[in-house]
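One chain comes next, on its own, written as structure tokens: the form predicted on its own.
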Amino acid sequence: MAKKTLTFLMMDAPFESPRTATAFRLLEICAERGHDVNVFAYEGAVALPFSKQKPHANAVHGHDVDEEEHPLPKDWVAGLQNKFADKGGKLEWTNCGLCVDERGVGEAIDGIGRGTPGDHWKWAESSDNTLVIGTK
């Protein structure tokens, strides 16, 4: 299979929808195949790579922080960055700057860019395919 350049637009905030997990699975498949992928995070999705996310205990289950092993989207994003690098592909992730400012989530993990919807437009024009994962 020839190497492709794909663009994703994600909109859901962390923990709000199974669409985010599905998008991460699709991104992992792209990484496995060595494709180059652009992700434009818009609206609530700009919080996915927010660096100040913290795991928590679960008193209902009687678990402390370590026992709960609560997954954090920032760690999933970092894992995807590593997987793309290991498999010869490229992951470029850009957060919508206006959306970041509105939500106060400016502190992203390393490797996350800041841009505008125009960046998504340029990527979509130059990609082999684009997938928009809307909120509803």
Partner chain sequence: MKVLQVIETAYRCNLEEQDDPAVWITHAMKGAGADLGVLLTGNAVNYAVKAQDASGLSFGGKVQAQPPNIARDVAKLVDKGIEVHLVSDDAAARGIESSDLIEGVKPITRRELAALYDAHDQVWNW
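Positions refer to the first chain, counted from 1. Just so you know, these numbers come straight off a predicted model, no measurement behind them.
Absent from the display: the form predicted in complex with the partner chain. The rest refers to it.
> Can you tell me if Y42 lies within 4.5 angstroms of the partner chain in the predicted bound form, counting non-hydrogen atoms only?
So Y42 counts as contacting the partner chain.
> Do L98 and the partner chain share at least one heavy atom pair within 4.5 Å in the predicted bound form?
Answer yes; at least one heavy atom of L98 falls within 4.5 Å of the partner chain in the predicted bound form.
> L9 near the partner chain in the predicted bound form, any heavy atom under 4.5 Å?
Yes, contact at 4.5 Å.
> Classify R103 as contacting or not contacting the partner chain in the predicted bound form by the rule of any non-hydrogen atom within 4.5 angstroms, answering yes or no.
Yes, R103 lies within 4.5 Å of the partner chain in the predicted bound form.
> Which of 85-93, 57-65, 42-50, 70-78 has heavy atoms within 4.5 Å of the partner chain in the predicted bound form?
Partner-contacting stretch among the options: 42-50.
> So which bits of 105-136 sit within 4.5 Å of the partner chain in the predicted bound form, heavy atoms only?
P117, G118, H120, W121, A124, E125, N129, T130, V132, G134, T135, K136 sit within 4.5 Å of the partner.
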